[in-house]
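Next up: just one chain, as structure tokens, the form predicted on its own.
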Amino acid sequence: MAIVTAIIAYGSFVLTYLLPPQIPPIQPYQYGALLAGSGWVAWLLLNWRQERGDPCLLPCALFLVSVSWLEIYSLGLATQDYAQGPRQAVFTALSLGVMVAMVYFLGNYRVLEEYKYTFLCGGLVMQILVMLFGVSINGATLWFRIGGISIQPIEFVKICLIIFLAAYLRQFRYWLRLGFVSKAGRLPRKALVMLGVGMAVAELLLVAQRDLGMALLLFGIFISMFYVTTGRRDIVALTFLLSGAGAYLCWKYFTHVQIRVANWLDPFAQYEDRGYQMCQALFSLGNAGLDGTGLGLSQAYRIPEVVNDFTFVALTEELGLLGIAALILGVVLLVARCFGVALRAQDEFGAILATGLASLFAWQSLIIMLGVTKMLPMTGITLPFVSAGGCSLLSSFMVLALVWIIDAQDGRSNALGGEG
């Protein structure tokens, strides 16, 4: 937490040199104080509780938030969106408030298991509603527009689906661990078919919405949770084969998938049009060097949607290889601590749920970092705790709250008779 505060304090000082004349020099300090103060208040409130979760979860997340806030603030100045930095600080403070509220008022997280079908239906209904009544941006219908605020339901749908999968896999864990033919009996088709059909419907909805990144993310989470729960290598291998065939069919019959793959293979062929964003990102990556250009001194602002999809690239150019390696280490530490919670959990539902939430951070970070560096087709999902946006920050802190609660209640599992 001291490191986080130092980053914000020094970064706010540097930002004062980048401000245009019409913005008072005190502004970065004000919003930096809001960011650091809300972080410390949240940390103290969590540690005052008798039941405490992993003490490193919140500092790891705030390290990522503090570094990205400085970048988002400087990019807002470069693009003349002067409200970008202050808005991100306010979103962070509100998200921390929601996290603390969840920790104090959720109570026993195991109650979530009883509402697994409610979470599933709620997630599917939100996706259908956004398809019917949402607004389309860049060809994808993923947002509700309420007044001047854009809400992306998929950020919360993925949490609902993880809760459903954790409860469903725990319920059918014994049968799913059986071989297709075993002494204990045959693997029940109903459980496996329901699970497969449910995931297929969710994936098809996302493909229809042109949200290919989220489809890939949910597939990775499902595979991780299923394998950890069952250890079934045969079904995992079969799922990869079927998904590969499905990906080929999507490429063959969906024009937007073909465009996405073509831009990935050769963005310079469409430099003036669809490939412009990726080309500018590659220019920024090539300009990074070992120690970067320095905060506010890059050309990353030329990348369209840089604060949403390409914040990682902007950080790479301004912090260099050394700085971005530190940021990646922060992501790795956060994911490792979340998986540590899953390993410590005595309750089976808690262990599976923590695995799914840790997999969410791991897969989402990996997919976007590989996408913006042209190692995978660009997907458009956000980097947790780094990309700008209120929905992304809120959902990330909600996930962190659930992981913290699971760890905090771990000592009570035996007393409550949790199944191990």
Partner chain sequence: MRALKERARFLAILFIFLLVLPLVNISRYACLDNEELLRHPRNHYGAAESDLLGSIVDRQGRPLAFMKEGERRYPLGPAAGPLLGYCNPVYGLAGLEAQLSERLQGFSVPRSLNQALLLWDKRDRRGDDLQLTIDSQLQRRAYEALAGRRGAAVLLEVPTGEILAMASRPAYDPNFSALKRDWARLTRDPQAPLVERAGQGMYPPGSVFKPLIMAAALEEGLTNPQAHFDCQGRAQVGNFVLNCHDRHGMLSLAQALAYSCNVAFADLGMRLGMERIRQWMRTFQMEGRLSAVPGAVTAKLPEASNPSAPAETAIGQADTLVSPLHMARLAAIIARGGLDIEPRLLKAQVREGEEIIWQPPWPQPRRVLSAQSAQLVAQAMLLTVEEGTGTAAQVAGVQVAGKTGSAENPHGATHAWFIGYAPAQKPRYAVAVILENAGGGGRYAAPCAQKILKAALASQP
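This is a predicted model, so every value here is computed, not measured. Residue numbers count along the first chain shown, from 1.
One more form of this protein should be noted, the form predicted together with its partner chain, which is absent from this view; the next part is about it.
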Residue among Leu241, Ile149, Val135, Ala325 with a heavy atom within 4.5 Å of its partner chain in the model of the complex: Ala325
Listed residue (Asn287, Gln171, Gln258, Thr79) with a non-hydrogen atom within 4.5 angstroms of its partner chain in the model of the complex: Asn287
Hey, of 221 to 229, 83 to 91, 157 to 165, 96 to 104, which bit sits against its partner chain in the model of the complex at 4.5 Å between non-hydrogen atoms? 221 to 229
Does any part of Thr373 reach within 4.5 Å of its partner chain in the model of the complex? Heavy atoms only, please. yes
4.5 Å heavy atom contact, Ala300 to its partner chain in the model of the complex: yes
Might Ala351 be said to contact its partner chain in the model of the complex, defining contact as any heavy atom within 4.5 Å? yes
With heavy atoms only and a cut-off of 4.5 Å, decide whether Leu216 touches its partner chain in the model of the complex. no
With the partner left out here, which residues of 315 to 349 have a non-hydrogen atom within 4.5 Å of its partner chain in the model of the complex? Thr316, Glu317, Leu321, Ile324, Ala325, Ile328, Val331, Val332, Val335, Ala336, Phe339, Ala342, Leu343, Arg344, Ala345, Gln346, Asp347, Glu348
